[in-house]
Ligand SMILES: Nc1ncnc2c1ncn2[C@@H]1O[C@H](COP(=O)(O)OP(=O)(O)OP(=O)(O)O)[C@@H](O)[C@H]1O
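To begin, one chain is listed below as structure tokens, in the form predicted alone.
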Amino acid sequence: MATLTLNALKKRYPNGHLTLHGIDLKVAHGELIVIVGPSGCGKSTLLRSIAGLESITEGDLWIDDTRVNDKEPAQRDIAMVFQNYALYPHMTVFDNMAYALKNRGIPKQECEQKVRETAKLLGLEELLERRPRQLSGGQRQRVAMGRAIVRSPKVFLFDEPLSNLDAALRVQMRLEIRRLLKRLGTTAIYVTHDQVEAMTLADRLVVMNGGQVEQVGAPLELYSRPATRFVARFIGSPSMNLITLEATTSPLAKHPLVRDMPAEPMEKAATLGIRPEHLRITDPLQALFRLEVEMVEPLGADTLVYGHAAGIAEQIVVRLDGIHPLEESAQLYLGAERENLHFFDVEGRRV
């Protein structure tokens, strides 16, 4: 196991484009950090910089007490699992897993023992003589993980490893990855664009946007207390409803649950956030607003309702438990508890 420390890490390309804007992050021994964010936010560049596949322009990268900025990838004792598996097609599963060990000059008997132990851990014992083309997507991903595990690295890096799998297999594999990493106790950084994956895997989440870290914390902390409007919108499915409030014109701003929010942000436009699952059908006198239903999605365990309300420009999404046979054009009076309301100032920071 190892600690990983990033101090003001920057990456600037020769054309002047700054991709990473000074990243600070400390990863503890055995911790699983998941980096999540939209396409182009810099998460894969950050991972490749840690691996040594991208040079670091400014800042420091430490593994334990060693600064590794100038060390080659092979010298950093890091193993990386890629999105496309990166297996040698002409080699058997055994040879793919043993390749790095043989290159290090590990004795044949020790090499075989490590591979077979890892294959047993991953349920690959019966597949060691097959070639990648004879394997399913999930099996190939296990082989890619096995190739990393046999090296006993200080740090595991995962670059969207499940994105090529179908939905059912992704669920199965993320459970297996979580269980496996906890069993091994290895420090790991996992990059994904899938926030459900991020929420279920992470000890701590790192949300990135535009080459910067928006917020770091436990998954439920980011869900319950997003630090910025971006995090509020990105974490949660469906996304949080974000409603623009104008102090002088918005009817919602005069509601008792809303009007006692800090006065300073209300001098300009502020934003009220409510998660779809925190809206509930209530009495008209207590309602925040009346929703005109435009579309209903019955999902079985719950029902998603989409619509608009008078004085609110944004579309509102509501998640109701169970089955609700609502007609389009129906009207719902919706309220929420005060502790489930989130307020953001004009610059998008949490109030």
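Source: prediction; values computed, not measured. For every residue, the number given is its place in the sequence shown, counted from 1.
Although it is not shown, the form predicted in complex with this ligand is what the next lines describe.
Although the partner is absent here, Gly52 lies well away from this ligand in the predicted bound form, with no heavy atom inside 4.5 Å.
By the criterion of a heavy atom within 4.5 Å, Glu160 is counted among the residues contacting this ligand in the predicted bound form. Proximity of Val293 to this ligand in the predicted bound form: non-hydrogen atoms within 4.5 Å are absent; the residue sits far from the partner. His17 belongs to the set of residues with a heavy atom inside 4.5 Å of this ligand in the predicted bound form. Looking at 60 to 68, 301 to 309, 317 to 325, 41 to 49, the stretch with residues near this ligand in the predicted bound form, meaning non-hydrogen atoms within 4.5 angstroms, turns out to be 41 to 49. When you look in the predicted bound form, the only residue of Arg130, His193, Arg178, Arg225 with a non-hydrogen atom within 4.5 Å of this ligand is His193.
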